[in-house]
Structures are given as C-alpha cells and as structure tokens.
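Only one chain is given next, in structure tokens, and it is the form predicted on its own.
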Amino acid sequence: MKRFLLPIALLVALNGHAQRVDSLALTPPMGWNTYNTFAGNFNEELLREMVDLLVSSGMKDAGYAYVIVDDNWTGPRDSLGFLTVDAKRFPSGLKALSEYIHAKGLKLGLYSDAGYKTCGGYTASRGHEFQDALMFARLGADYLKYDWCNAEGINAVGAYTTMRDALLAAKRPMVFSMCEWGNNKPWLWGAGIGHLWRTTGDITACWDCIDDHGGKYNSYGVMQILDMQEGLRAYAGPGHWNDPDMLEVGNGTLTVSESRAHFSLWCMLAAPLIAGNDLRTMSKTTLEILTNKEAVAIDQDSLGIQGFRQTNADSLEIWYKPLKGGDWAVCFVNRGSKAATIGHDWKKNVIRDDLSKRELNCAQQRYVLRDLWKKKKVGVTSDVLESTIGSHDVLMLRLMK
C-alpha cells in the first residue's frame, strides 16, 4: 500500500519543544514483540506462526499492526561492513519473513542498539548507522526499536539523532522507537527525533515488584512503572509518545484482574500497545483483554492526550483522560489487597485539565456511563456511582455526552 509521508526532517515548535512532522504514529503504535516471552529463543518458523495467529485471533483487526523482531537476530558484518542475518534462525532469510508479514497485511519491526553490541551481545549499530538503516530499509522494515546497551560514554541525543538521520537517508518510512530507558530524560528532547521513547527500565510480569538482576539493573512491576509516569504527560501527543514499555498481559504472575488493570492503565496513558505473550497458548480471557476494542479506542483516541491521576486515597485511584468530541475516559483503580466499595458523586467532583483545556463538570453536563469491560451502559452522571472493585482491578468507564 502506498504511503503518503510529510517531510520527516521538518520540525515545528509545540509547547516549546521541537517535534517531528510525519504521519507514522499519530496514535500510539500497536503490535507484538518477541522479547517478553521468547527473548532470543525464536526462529523464522515460530515467527510465521505468530504472524498467522495475530491474523486468525483477531488481534490484527483490533489494531496490532507491527511484528517486532527484537534482539538476537543479527549476525557478523560482511566484508563491506553490512550486517548479516543469523542464518540458523532465518534459513530462508529475513527478507522472506518480511514479505510474509507484509502479505498478511502486517508490518515488520526490527531491533538494533546504539552501542557496539546489543543487550544480548550481538552486532549493533555504533559507527554503522547509515549502513544499517539502509539494510533495514532493504529488508522492508516499518519500525525500528533502538536500544541503549553497551553505550557507555555515548551522548544519547547525538546517538539517536544520528540514527534518525540515517533512517531519513534510507528513504523508507519507519517508526523510530527510542529504547533509552529514561536515563537522559528523553521526553525533553525526543519529540524532535523519534516517535516514542522509553520512560523507564524494563517491565516485568508482576503487579508491584522490583526484580533485581544481580545489581546490574532492575526490572519493574506494573504499578512501579505506572508511578514513574508522573509528570510526563505534557511531552506526549500525536507523533511523539511516552513509552512505559511493552504489555505483560497474560504473562508471569499477573492474574486476570491485574492483566485487565494493566491494559486499562496503558490505554489511559496513551501508551504504545506492544503485546509480548505467547499467542499459541493465549487464553480466551487474555485475548479478550488484548482485543477489547472499546478499551483500545481510549488508547487510540485521536485527540492524543495522555491521561492523569487525579485522586489517590486508601489504595484507590481515579484516572481521567479527555477524548475527542467531548467524551472522557475515567478509570477507578484498586491497588489494594481487598475489594473496595465506592460511592462517587460526579456532580461534586469538577475536573479541570490545564493541558487539554478541558473541564469535566457533571453538575452542568450530563453524561451516560459505559462500562468498557462489561460493555454496557451502567448509569448516568446525575446519579451517584456505586460499585465494588476487586483487589488489583479496575472499573473503566467512557463518559458519553
């Protein structure tokens, strides 16, 4: 399909920050990535199976467009300095997989790193950015995740700008995902360079934990990652997104309610929705969470405003997200270990959002409440909302005029 692309090199000012101008990520990217489940244990046969399942399961129809081959796919450089592809993993070649992905109506994502070696110890892009970008383009890549391992002594802004320029020179439109872990506050400068930037270290599949990897680095549970997003929403918007890392829905120790809450909150954050579960063994409930089109619509809302936490009391939080057309998304989150009963008087809680210049005043405007997980109307804002929310669960509503 032919793409119509505005000049990527053009930068404009938005809220005092330079911003890329193109049409590649006007809503947060959605896709599936090899890393969370398979790490380096994948090959072309497995990936073809994942591609087929993305289509047959309905995930493609729900919006999951990118199939992202993460770390461990590169081989050594050839005599001309170009990357080679690991022939054991891809005996038919990565170009053949790319063509298979595109034939299914999906898009190819690839991975590299700003250092000399990737996090897995494979060949990375430092010093070969323009060569590698050309190869990614030749392989038909539509998305590049660019990591930050083995990057000691490198200037982050310079490294990511160099790869941005290399991608432009390759003349194939690619979403540029900057996986710098938030070390250098990429939200302050990333909008002029990439389409999304990681705000934290790696996520792990637990509700509220810190996984210490022998003192080398930490991975963080869903609630840990959520709290690290405080204060960042002003930097996100169409074409430039905060990235709190990939989804762990259906993975690890997360329960069904925790997976539902995790997904709901990433939608409220206008976060990229990059699944990372094993599609071969995915439960019906996990699929229902990932393909809830009404929840996805909150994430993909074209107004592009990241949600915010307004209330936090006794382990119960209330998050708000203004939507295009005057609707609002509201998510009640029970972080506690016991069920929570709420009695929320909409008319007594006027919400003003300075970022979007929007106000939710239910004393002046009546809204219909739609429960996005029960998928039905559950009342109006002229009445007090009474509900019980289970431990580590959510009540996610769309307030409709």
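In case it trips you up, residue 1 is the first one in the sequence shown, and so on. Only a predicted model underlies this, so the values are computations on that prediction, with no experimental measurement involved.
The same protein also exists as the form predicted together with alpha-D-galactopyranose; that form is not shown, yet it is the one meant from here on.
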property: Single option in 202, 129, 327, 301 placed near alpha-D-galactopyranose in the predicted bound form, where near means a heavy atom within 4.5 Å; result: 202
property: In the predicted bound form, the one of 235, 320, 100, 181 near alpha-D-galactopyranose [non-hydrogen atom within 4.5 angstroms]; result: 181
property: Stretch in contact in the predicted bound form with alpha-D-galactopyranose, which is absent here, among 141 to 149, 187 to 195, 156 to 164, 100 to 108 (heavy atoms within 4.5 Å); result: 141 to 149
property: Partner contact for residue 71 in the predicted bound form: alpha-D-galactopyranose, 4.5 angstroms, heavy atom; result: yes
property: Residue 221, heavy atom within 4.5 angstroms of alpha-D-galactopyranose in the predicted bound form; result: no
property: Residue 256 within 4.5 Å of alpha-D-galactopyranose in the predicted bound form, heavy atoms; result: no
property: Residue 267: touches alpha-D-galactopyranose in the predicted bound form, heavy atom cutoff 4.5 angstroms; result: no
property: Within 117 to 134, the residues that have a heavy atom no more than 4.5 Å from alpha-D-galactopyranose in the predicted bound form; result: 119, 120
